[in-house]
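Only one chain is given next, in structure tokens, and it is the form predicted alone.
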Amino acid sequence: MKFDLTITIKLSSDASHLKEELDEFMKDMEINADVEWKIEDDNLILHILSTERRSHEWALRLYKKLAAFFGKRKIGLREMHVERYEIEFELEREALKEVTIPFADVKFDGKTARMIIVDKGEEFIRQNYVDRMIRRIKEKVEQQYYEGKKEYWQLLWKSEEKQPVWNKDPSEEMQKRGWIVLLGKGKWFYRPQVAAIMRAMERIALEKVVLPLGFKEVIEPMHVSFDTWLRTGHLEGMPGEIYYICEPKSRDEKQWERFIDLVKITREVPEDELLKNLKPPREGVVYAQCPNIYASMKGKTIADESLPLLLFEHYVPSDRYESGGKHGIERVDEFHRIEVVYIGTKEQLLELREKLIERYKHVFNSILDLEWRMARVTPFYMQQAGMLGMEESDAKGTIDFEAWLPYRGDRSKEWLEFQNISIVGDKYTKAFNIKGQKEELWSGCSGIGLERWMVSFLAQKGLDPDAWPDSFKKYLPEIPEGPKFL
């Protein structure tokens, strides 16, 4: 690596008369880099060339020493300014195409990347943007090798084929019958018939999976702070899928007077006027429940007697901006699920994963009577980073549970991921500084999507309860009547 930095330090007065003293001072500095300097009136210009330690780190160290030197001579140091910073570093693989990042021009020569930064203030080097920029370029180059590749997928287990009772799309049929009503983009209103089916699914999940394994309920807010998402990686991984929340600048009716006038007169929402009265977003709607669960334990040390820590949340719905990818109730902008989160030692989580798999197998085989399969897939946290085509170790990673959707057709490809289990290692325990008394802690999660469970079941078993397996009818003997409209 090579770090070639030129900075200017503004002085409080002309220091031209101190050139000889400064020359002696600089000779005594213990710096493992080539340093050249000159004084032009009240500007001290440093050129630092280093092949090991980063030049901006030497610049910050020199600044402290120089402050003492000039302070004794009644001259103060003002701000630093980066005139030019050229950095060369090696890549694992050659870039396949151009890469752009904020604050710098990027060029490639084989596996060598060159980043050129000009005209930046002192904060730029004090906040250590440089290291993160280098890391970002490496990430972008690596992502180029996975663009267009399919997710990693390895079949682990498959049930026997089941004969479906029909081949219709349950979402379309329920809409025709008036059981569900679309209220905005990807957001459904469930009338009593469907609410009852979904609550039955929830009871099965709680009674047969979650509670018997010792998970305890928590309730979280529906807002997630940017700080939390910075730690989990959501803000860098999927900013285009988050619903953001803006607070009003004020509750003062006078501030909102023009907005109210326009609404009353036009019977429309004046968007420009609305935006004037909103603060920039600092948080968003829950994307998944686990980030807030981790945030609630930030900086905590968990006692051995509480391990493995088993928690679940099923109060707050999740919102994701799906854009053009919506379909029926299985791909929506707002959905309901039970999120189970587990924190413990590696051995504890591996044992728990096997117990979860057995519980889910019992539900899907013996209660819902589904045709389904399990597969090891690209972990969700790698998908968020764009690292498709990668698999984790047997210990860490994600297992998807997929159900066949007969209305889509061919068994060879028409499957819906309706359940998962993940172990993420120390990714989140480190991000939130969650520690154990003695051992390193791992964590993981398993999202039980109630809409996904419901559509998988209805796609294979239909809407007529007479065709449902008796094992499910124990939880919902009959469908309640909905409202009748004239």
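All residue numbers are counted from 1 along the displayed sequence. Everything quoted here is computed from the prediction, not taken from an experiment.
There is also a form predicted in complex with adenosine-5'-triphosphate (ATP); it is not shown, and the following applies to it.
Site annotation in the predicted bound form: the residue of R191, R359, R331, R136 reaching within 4.5 Å of adenosine-5'-triphosphate (ATP) with a heavy atom is R331. Listed residues Q419, S50, Q460, T429 were compared with adenosine-5'-triphosphate (ATP) in the predicted bound form; Q419 is the one with a heavy atom within 4.5 Å. The candidate stretches are 60-68, 449-457, 432-440, 32-40, and the one lying within 4.5 Å of adenosine-5'-triphosphate (ATP) in the predicted bound form by heavy atoms is 449-457. Within 4.5 Å of some heavy atom of adenosine-5'-triphosphate (ATP) in the predicted bound form lies at least one heavy atom of F335. For the chain shown alone, R231 is not a contact residue for adenosine-5'-triphosphate (ATP) in the predicted bound form, no non-hydrogen atom being within 4.5 angstroms. Remark: E414 does not count among the residues lining adenosine-5'-triphosphate (ATP) in the predicted bound form, judged by a heavy atom distance of 4.5 Å or less. Mapping the unseen interface onto this chain, E322 counts among the residues with a heavy atom inside 4.5 Å of adenosine-5'-triphosphate (ATP) in the predicted bound form.
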